[in-house]
Structures are given as C-alpha cells and as structure tokens.
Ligand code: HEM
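There is one chain below, alone, in structure tokens, taken in the form predicted on its own.
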C-alpha cells in the first residue's frame, strides 16, 4: 500500500507541476505579439500537455487502486467523496486545457491574457481543498 501511495503522490506532483505551468503559457501566448513567439509557445504547450497527460492517468489509476484496497472504509468516507469531486473537476480542467492547446495551435484563441491569469488559479484552489480533505478528513 505504501508503494501505491508513494507512486500516487509522485504522479500528483508531476501532474500539478504541468497543470500549474500550462495556463501560464496560455497567458504568455495571449500576450505575444510576434508570430515567432506564438509558434514557440505552441510547441511548448503541446509538449507540456503530452508530458503531463500520462501523469493524470497514473494519478487516477494509483488513486483508484488505493481506494480499492480499503473499499469499505472509503465508500463511507464523506471527505473522499468531496475529494473525488475536486479530482473530477481537475480532470475536466485538464481536458479543457487540451482543448485550449488546440485552439492556440490553430490560432483561434478568443480570450485575453487576464482570463488565463484567473484560469490559472483554479488548480491552486483544488490542490488546497484536496490536501486539506486528505490530511484533516473532516467528515
């Protein structure tokens, strides 16, 4: 179980490192005025998204295996249900980032950098909530 937990935490850290940085690239891309910079950012966005996506899958896989090991407890743990709701939101966020990577790649971005600055804060809120729920297990 400890190996699974360790790999789950490693995958979460790798996923979050990317999920924090990718929207920052969107900020820079939305602000870029020359085509060379935009083209460079397109490559960075695509590579980063492809790099972090397997870590999202591994996070979910290792988390599911951890839950499966003590199913009776976890099915009745209200904090876990809320945590999984935040995880579902992060998965949606991740997939939406993939959509944005494609929009930027096709030069179809319609939003200003300010939107992406705010967009960048969502995973921070989710991380705080998830860590607090896991550590404190309030209900």
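Source: prediction; values computed, not measured. Numbering follows the first chain given and starts at 1.
Below, we turn to the form predicted in complex with protoporphyrin IX containing FE, even though it does not appear here.
- The putative spot formed by 25, 40 and 100 is not touched by protoporphyrin IX containing FE in the predicted complex; no residue has a non-hydrogen atom within 4.5 angstroms of it.
- 80 is the sole member of 44, 32, 105, 80 with a non-hydrogen atom lying within 4.5 angstroms of protoporphyrin IX containing FE in the predicted complex.
- Put simply, residue 90 is close to protoporphyrin IX containing FE in the predicted complex: some heavy atom of it is within 4.5 Å.
- With a 4.5 Å cutoff on heavy atoms, residue 36 does not count as touching protoporphyrin IX containing FE in the predicted complex; it lies far away.
- For the chain shown alone, residue 48 is not a contact residue for protoporphyrin IX containing FE in the predicted complex, no non-hydrogen atom being within 4.5 angstroms.
- Mapping the unseen interface onto this chain, residue 64 counts among the residues with a heavy atom inside 4.5 Å of protoporphyrin IX containing FE in the predicted complex.
- In the predicted complex, protoporphyrin IX containing FE lies within 4.5 angstroms of at least one heavy atom of each of the following residues of 45 to 62: 59, 60, in sequence order.
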